[in-house]
Ligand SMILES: Cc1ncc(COP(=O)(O)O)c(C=O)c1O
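Below, in structure tokens: the form predicted on its own, a single chain.
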Amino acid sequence: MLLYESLATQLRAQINAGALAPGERLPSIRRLAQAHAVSPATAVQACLQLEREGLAVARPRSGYFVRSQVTPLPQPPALRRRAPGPVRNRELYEFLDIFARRDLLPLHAAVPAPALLPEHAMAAALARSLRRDRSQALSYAPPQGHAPLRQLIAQRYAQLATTVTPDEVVITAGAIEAINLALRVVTQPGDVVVVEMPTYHGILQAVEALRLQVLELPRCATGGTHLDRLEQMLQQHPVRAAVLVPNFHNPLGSVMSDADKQRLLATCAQHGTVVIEDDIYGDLAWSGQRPSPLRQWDHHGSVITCSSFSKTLAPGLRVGWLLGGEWTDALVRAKYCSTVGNPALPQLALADYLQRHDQERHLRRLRRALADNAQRMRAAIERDWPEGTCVNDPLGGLSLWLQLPPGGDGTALFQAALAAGIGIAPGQAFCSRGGYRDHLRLSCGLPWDASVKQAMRRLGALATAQAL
């Protein structure tokens, strides 16, 4: 951990414990430097990190203060306890058309803007890989994926104190194919699966396509998961799998605690429920402290981990992976039957890039940019949106999750935003059977500039018009 991150961690703990109250001034840069035996520049970086996380705010000629929180999302209403049933939500597909449009400011897509990704370095890696061995680059890749890339992925997990062997890594076309393959291998049509509410619409589409039955597990914006409810579900129903996003949940941005992760895995193992972990956002911790994957706590062999380079390096290359454990052979067969294998050139290029570049250095820049974008967008919501608008306070990832004031309609705002040339994601797309109609998701993947500022002001005006 870098010095400024260590200092930021100590200050964050004081804020969270209430030792530094909202509105209270942080120690001066000079006092922080002296007290912690660091340079003034390191103290400044620590305060900037807290500012990026939304915990502190700078006031000209006065220093840094603990930030007062914006209106938080209320606790979600208790979900009605339903029997398992199919996904029934037309919004899942009506929303997808906007991904083909290039005339929209894309606040709907949870992906970093090209300017935040190493485009030039990745283009050079593609060119080198093509020159080095054109025949290999343009041939079929092995169904499991190229061995050098699988080795590098396993090494990345070793840095997270998580034991992974290259032999269990399966390369996929992004995390969504990984989730689909995992569900295909461990379930059959009619099986019951647990999904969080709200959750990423791609998970719901996969569950629907495989004709699975859904049980909805509430997820809190503050990071908590209703594990007591999960235990009741597993006792009452033969749940085959649970598809969960434990780190920087999409759309909530929350993180499960390590204690909850361990309890969740013990509960699922007791009932024979396979956990399919979507860890695609794990590297996007705005604090710089990467949370543990569920796989780190898996002592029962009950987790299949899915992830991707799409949110950190190159979404268009469509390279993700599975950590298959005992299901690896079955997953490789399913991959072969699905697409034979991923294209070779993107895998070779990513391996080349990872061998030549410091990925953590890039991730630090990306995390800082996303945190800055999100805090500016939250400030714009406070300033320009109607009173009573609530917004989450994410710890990482790419999403802001909003609840409109009473009478607000996220789907109507989605349509009005399209007419204004702005893409947003309506809340109904994140629920298996409808709901969250007064919610919406915004991406913080675009660098803050005049066009984003204007779009946020325009969306605020549209939301205000609804409230009148």
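Values in this document were obtained by computation on a predicted structure and should not be read as measured data. Residue numbers here begin at 1 and follow the sequence given.
The protein also exists as the form predicted in complex with this ligand; that form is not presented, and the subsequent description refers to it.
Participant: Mind telling me which stretch in 330-338, 148-156, 359-367, 272-280 gets its heavy atoms within 4.5 Å of this ligand in the model of the complex?
Facilitator: It is 272-280 that comes within 4.5 Å of the partner.
Participant: Find out whether any non-hydrogen atom of residue 375 is located within 4.5 angstroms of this ligand in the model of the complex, and reply yes or no.
Facilitator: Heavy-atom contact with this ligand at 4.5 Å: absent for residue 375.
Participant: So, residue 392 and this ligand: in the model of the complex, are they within 4.5 Å at any heavy atom pair?
Facilitator: Taking the distances in the model of the complex, the answer for residue 392 is no, it never comes within 4.5 Å of this ligand.
Participant: Taking any heavy atom pair closer than or equal to 4.5 Å as contact, tell me whether residue 176 reaches this ligand in the model of the complex.
Facilitator: Residue-level check for residue 176: yes, a contact with this ligand.
Participant: Residue-level contact is defined here as any heavy atom of the residue lying within 4.5 Å of this ligand in the model of the complex; does residue 310 satisfy this criterion?
Facilitator: Because a heavy atom of residue 310 falls inside 4.5 Å of this ligand in the model of the complex, the answer is yes.
Participant: Identify which of 347, 129, 250, 225 has a heavy atom within 4.5 Å of this ligand in the model of the complex; exactly one of them does.
Facilitator: It is 250.
Participant: Scan 110, 164, 239, 204 and let me know which has any heavy atom within 4.5 Å of this ligand in the model of the complex.
Facilitator: That would be 110.
Participant: Using a 4.5 Å cut-off on heavy atoms, what residues in 195-219 are near this ligand in the model of the complex?
Facilitator: Heavy-atom contacts to this ligand in the model of the complex: only 200.
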